[in-house]
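A lone chain, given as structure tokens: the form predicted on its own.
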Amino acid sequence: MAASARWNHVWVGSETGILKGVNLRRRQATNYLPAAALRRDQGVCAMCWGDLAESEILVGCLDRSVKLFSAEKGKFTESRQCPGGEGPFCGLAVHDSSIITCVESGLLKVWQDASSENVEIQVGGGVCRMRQNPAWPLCVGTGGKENALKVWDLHRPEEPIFRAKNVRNDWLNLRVPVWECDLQFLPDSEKIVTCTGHHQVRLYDPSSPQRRPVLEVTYGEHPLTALSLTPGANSVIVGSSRGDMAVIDLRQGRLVKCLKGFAGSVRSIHCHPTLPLVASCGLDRFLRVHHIEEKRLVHKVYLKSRLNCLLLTSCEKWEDEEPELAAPQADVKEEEDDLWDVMETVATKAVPKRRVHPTGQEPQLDKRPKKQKRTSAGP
């Protein structure tokens, strides 16, 4: 199992608590289960890489446990409880040997080896997402429902280093509600892009004098639930609760293209750092990989469970990998195969062929009454 785990391209967490590794080259997936029996309260709600080599994965579950999965060993190796606050994990990150967690009630905590040195920050209730700045691991951003975007320095947790300001009132002079659903830091920059539950994409620049967004784009009519920056960070891909996914240009503030093929809410999006590929998953139980430039669906795998989050490996040469001799997994099928398997077999009777006249016309039945033979009666 260790070899198959090492060559997986996508890692997906499901509501049933299963970590699924998917090899896109062979279109196979493997279920990796924790030691305890599966329960609904072990559903995966947050994931992140445990190291830069992408050989370890941290999995945050609904029961407040954080499990460490080793891709080299192909199994879960460690588990620890992270109590405090209320609600599920809305963000998970790692820095050196410390784990950074944030729950829905607003408790952000840095779990170090010595429990007495743990750092706790109250970032406000209704948190939807916490993200780490890849260029500065001790800098995280938070946002949620009626909880505006904030950027925190974990070395100075007393006050946020940036606090966004709500946009101006609408044309009726009514306050615009705040609902930050997801966010991400732009590489080599202080800018932050967010998507809201009111179908808006906003770009913030903490280095500018204003705390309001420097760019705002409206897309669709449904809440935007997830986003990910494309390679080059010139565009962002957003997904909605209706199953729409689109590419938004952050330089011109316009819709570039739409990616199709979804049938449910999009829960997680992850773009490849260098290749024009984006992986997405959601409530329709499918893992999809699109080619961003060509707008085509490259891979589509049915994973049987409702999916919450995913990680896409940064490997670039998938086709040059060593092939493995592994038996196909029975728990992952394509959509068409799964549909035909659940259908019952119906026996049909053979219908005799109708005779056709040599002229190509069907023979006409003679409907005239037949003449009866006359019988002679004796004298």
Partner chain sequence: MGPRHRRLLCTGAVWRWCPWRGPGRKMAAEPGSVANGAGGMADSVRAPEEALFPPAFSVSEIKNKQRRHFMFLRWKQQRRKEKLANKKKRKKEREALGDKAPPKPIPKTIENQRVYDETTVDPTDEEITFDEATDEFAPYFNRQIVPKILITTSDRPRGRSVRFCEQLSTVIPNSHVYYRRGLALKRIIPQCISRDFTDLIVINEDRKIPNGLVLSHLPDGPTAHFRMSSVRLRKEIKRKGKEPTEHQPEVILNNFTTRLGHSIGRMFASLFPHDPQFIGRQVATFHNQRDYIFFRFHRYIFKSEKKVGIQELGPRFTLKLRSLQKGTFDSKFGEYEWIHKRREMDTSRRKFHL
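Being a predicted model, the structure only gives us computed values, none of them experimental. Numbering follows the first chain given and starts at 1.
The next section is about a form of this same protein that is not shown, the form predicted together with its partner chain.
Could you tell me which of 299 to 307, 162 to 170, 200 to 208, 247 to 255 sits within 4.5 Å of its partner chain in the predicted complex, going by non-hydrogen atoms?
One stretch meets the cut-off, namely 299 to 307.
Does residue 260 reach its partner chain in the predicted complex, with heavy atoms at most 4.5 Å apart?
Yes, residue 260 is a contact residue.
How about residue 275: is it within 4.5 Å of its partner chain in the predicted complex, going by heavy atoms?
Output for residue 275 is no: heavy atoms all beyond 4.5 Å of its partner chain.
Determine whether any heavy atom of residue 38 comes within 4.5 Å of a heavy atom of its partner chain in the predicted complex, and answer yes or no.
So residue 38 counts as contacting its partner chain.
Taking any heavy atom pair closer than or equal to 4.5 Å as contact, tell me whether residue 187 reaches its partner chain in the predicted complex.
Looking in the predicted complex, residue contacts with its partner chain do not include residue 187, since no heavy atom lies within 4.5 Å.
State the residue from 101, 133, 265, 228 whose non-hydrogen atoms include one within 4.5 Å of its partner chain in the predicted complex.
It is 265.
Counting any non-hydrogen atom inside 4.5 Å, which residue from 285, 129, 191, 270 sits next to its partner chain in the predicted complex?
Residue within 4.5 Å of the partner: 285.
For a quick check, can you give me the residues of 225 to 247 that have a heavy atom within 4.5 Å of its partner chain in the predicted complex?
In sequence order, 225, 241, 242, 243, 244 come within 4.5 Å of the partner.
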